[in-house]
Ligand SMILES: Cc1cc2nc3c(=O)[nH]c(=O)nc-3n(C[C@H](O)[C@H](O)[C@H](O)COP(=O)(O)OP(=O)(O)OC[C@H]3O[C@@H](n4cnc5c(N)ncnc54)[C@H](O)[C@@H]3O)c2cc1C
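Coming up is one lone chain in structure tokens, specifically the form predicted alone.
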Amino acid sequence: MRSLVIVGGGSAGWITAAYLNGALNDRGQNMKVKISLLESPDIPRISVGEATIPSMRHLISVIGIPEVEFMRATDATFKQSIKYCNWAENDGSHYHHPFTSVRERPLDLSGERWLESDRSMRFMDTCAVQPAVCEANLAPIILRKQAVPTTLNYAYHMNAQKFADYLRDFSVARGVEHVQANLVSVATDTEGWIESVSTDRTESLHADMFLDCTGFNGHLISKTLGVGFEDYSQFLLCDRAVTMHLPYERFYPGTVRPYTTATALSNGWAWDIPMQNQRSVGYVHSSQFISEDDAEAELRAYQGKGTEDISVRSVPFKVGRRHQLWKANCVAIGLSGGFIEPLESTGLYLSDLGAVLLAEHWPANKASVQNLADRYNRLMANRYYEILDFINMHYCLTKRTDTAFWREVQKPERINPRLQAKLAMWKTKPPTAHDFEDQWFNGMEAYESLFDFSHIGGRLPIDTGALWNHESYECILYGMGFAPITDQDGASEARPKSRRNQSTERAMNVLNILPDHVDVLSKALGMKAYHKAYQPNGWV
């Protein structure tokens, strides 16, 4: 297939255009596929500060963007972890889900040893240095050549709109055609394949392949091709976010945290994403349990005084995915393909993954499309179900009972059956790598009748652990106070004190080597200096 039209810009559209141009066209040096992107000049973009996961580093590398240039252009900062506050109990407690752990080799017994201890130290503090690095507000890199006891993985916080604009300019300079016009209609042939799209300002755009990056509307995949939507709201109750930006000129808290903060509030949770010039905060909540006005008031209270003139934006969303992300010659990427709330920063990741898999499965001709589409749909569905399990787990393990929302998310009918089966297994043993080799546990029978798997080979999806392996599951389980069956045995002997494993203890010296996060942002990226205002009320 020699030509592609992407309908829709924003992060999803321009990530896909830039990545495919990098992967298929050697960054514009060898144009095998003509790429055109149709973007409306009239439709506003959903723009919030965006937290990413480490796969973003692969994306910008393939596209050909130097890291420093990318970070300067998008007001980016380093992200090493997500700090969860008040999730297990509404008591000021927290735990980190870092990108790097330091496990024992050749046999890792971190979970088992912690469970047998007095648990006086947080689980991740026994097998990772990154929580301590984060709490010390240190960067994950050093600016000079020096040996370090461990390498820390990282991602970024950034301005998503500036990222899209940067990718647009970068891609157009390397051969991607940018068409600024509004979509008017979509023409299909007798087989149901898209032939062309017409606009209000240009001639019709014809191509062999089309990408739907039109957001929740799904103009191509849904309205034209009629692909249905699989709803996850039974297990994820939140359906709205109220957001605002807090400029450092007025609200600089005195540091730039090298991690995302996710703080549980009365009826959902607040993200707190620091960039070089501002923080993006947003309250993801359930409209069944809290009004829009009350959600806004609670978000403002999370920050504290002085936000009365800061405008907020309400973003409704639906959680789930299209039954097929690739049908005929159309692939849905971004919100048009599906969405799961951004508790683990998977928003841009799903666009990133969609682009990566499409490059790997790019069809040579029409005859190969169906086989490749079936495989693509299977792989993407696996990942959506994996994310559903993992996000669902954060909610159902809470012990909070202070509001109806937190009592509701713990009910058995709010827990995905596959997750229930996983949790039942992990009551008897800590998670291990082999749990993701053959994803079948007792109790998964109910899973088969819950979702429609006919479009992914008629088989149950597989959680391969590719996004979150057993180490990440241990992090959330034990951070939330998940108790194994052995806790009920009532052993009377005193438990040994929890401690760091030897590898982690040795790696702790990195705290004496790594520089301050703000210092790195200032020296390497030119971040401005700001006067400290006050620390947000909601910080733990």
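Numbers follow the displayed sequence, beginning with 1. Since the structure is predicted, the reported quantities are computational estimates derived from the model, not experimental observations.
Below, we refer to the form predicted in complex with the ligand, which is not included among the displayed structures.
- Across the proposed site, 270, 290 and 538 without exception lack any heavy atom within 4.5 Å of the ligand in the model of the complex.
- The ligand in the model of the complex comes within 4.5 Å of a heavy atom belonging to residue 348.
- When the ligand is considered in the model of the complex, residue 102 lies well away from it, no heavy atom lying within 4.5 Å.
- At a distance threshold of 4.5 angstroms between non-hydrogen atoms, residue 181 is in contact with the ligand in the model of the complex.
- Among heavy atoms of residue 455, none comes within 4.5 Å of the ligand in the model of the complex.
- Annotated contact segment (heavy atom within 4.5 Å of the ligand in the model of the complex): 34-42, selected among 59-67, 34-42, 498-506, 479-487.
- Shown without its partner, this chain lists 253, 342, 320, 431 as candidates; in the model of the complex, only 342 has a non-hydrogen atom within 4.5 angstroms of the ligand.
- Put simply, of 417, 215, 465, 461 only one has a heavy atom within 4.5 Å of the ligand in the model of the complex, and it is 215.
- Residues are counted as partner-facing when one of their heavy atoms sits within 4.5 Å of the ligand in the model of the complex; in 11-35 these are 11, 12, 13, in sequence order.
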